[in-house]
Ligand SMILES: Cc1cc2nc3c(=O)[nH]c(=O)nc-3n(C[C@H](O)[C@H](O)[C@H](O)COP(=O)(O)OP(=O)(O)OC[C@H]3O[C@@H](n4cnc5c(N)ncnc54)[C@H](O)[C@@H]3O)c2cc1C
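Just the one chain here, the form predicted alone, laid out as structure tokens.
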């Protein structure tokens, strides 16, 4: 293309989750002309808010860690970082029908599920994982093999297998060891040195408050936000730019941009153009996703007070119990105690077809099973959210199987959460991924190369 070096490029960023939002922010800060396109009616993706009865909070559960420096940098730009409320949290385990705290060294010492040797090996596993810095070799090892090596067979069967199965189902048998390493790293970073206590935080008002601030911020940067607009097709035009086929409220149209960044799930990226190479299409369609069915309940009273309760007992149809009310005072939610019951499963699992009524019935029966005296009347409101593409399954050698950011199609880029390999999926890691891939002159040359194309 023969472009003036001083003329801003027009960029389409497809996908209004945090990957798309952060990409649009960085491009706009460089003086580019940016349009952020989102299929749903609002920004946020997995971090979007919603209403449960008359109470508005996050659709899926989120917390902020003291160490979430990428997210906190964005919140600082929005003048929200100083408003974060920090809370010391507790962790619980359900084993043999009983709840046990595992929130301190004393709790660990008296944890009845494991004997002395098993506790030593579990502690050794977590300590070893926290000290590992070279994560790539772990991609060549199955998570079960690594955990059995460090923790031993008995500890694996009692602790690790039920936790892996609750999170990954049978897919844990194909998952690499960097998966558990990333979780250990994040949980260790949640603890303050010295007290060694988990400190989690939230912005008063939740992600609704964050997006209320992000909208004007994007506007000040000059980003044109278009929600309720889906991308049906992307094709090169004769001028070297891109023609996007869009649909909004049933109306189809075509728009033209110089550059396009796709941040949507890999299956959608694979479908928008026929111009991928065989290798690229294989990488995109070969990405397996975990999804989640997440039930939110508003209760009239607290449960056990653990932020997360890990479920070791078999036959429970949820991954864990998240008591957001252990962090968020009831007065912040009109006197309600917020609980999440997530169930993670592969994106093609038939469980996604279960009715809300069936899921809600299982949720209440599960709470009755775990908490003595629990009554259905405690539930003031209940609602279930579904997302089929939440986290890419990290199989063996996963980082070498990902779709590259820079594609075979000049000017078309792929930057979605499937590229995360050094952390768990959360908002901080998504922002970190974008910053490291798209911040020229510091981490990545991608945008610098794009700008150099103008001289051609």
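Residue numbers count along the first chain shown, from 1. Please read these numbers as outputs of a predicted model, since none were measured by experiment.
Missing here is the form predicted together with this ligand; even so, the following discussion is about that form.
A heavy atom within 4.5 Å of this ligand in the predicted complex is found for one listed residue only; from 319, 155, 326, 264, this is 264. This chain is drawn without this ligand; in the predicted complex, the residue among 398, 70, 60, 413 with a heavy atom within 4.5 Å of it is 60. Within 4.5 Å of this ligand in the predicted complex, a heavy atom is found for not a single one of 128, 179 and 184. The closest heavy atom approach of residue 45 to this ligand in the predicted complex falls within 4.5 Å. At a distance threshold of 4.5 angstroms between non-hydrogen atoms, residue 426 is in contact with this ligand in the predicted complex. Remark: residue 39 counts among the residues lining this ligand in the predicted complex, judged by a heavy atom distance of 4.5 Å or less. Looking at residue 25, you'd find every heavy atom of it more than 4.5 angstroms from this ligand in the predicted complex. Picking from 256-264, 96-104, 331-339, 360-368 the stretch near this ligand in the predicted complex, with a 4.5 Å limit on heavy atoms, gives 256-264. Along 17-38, a non-hydrogen atom within 4.5 Å of this ligand in the predicted complex is carried by 17, 18, 19, 20, 37, 38, in order along the sequence.
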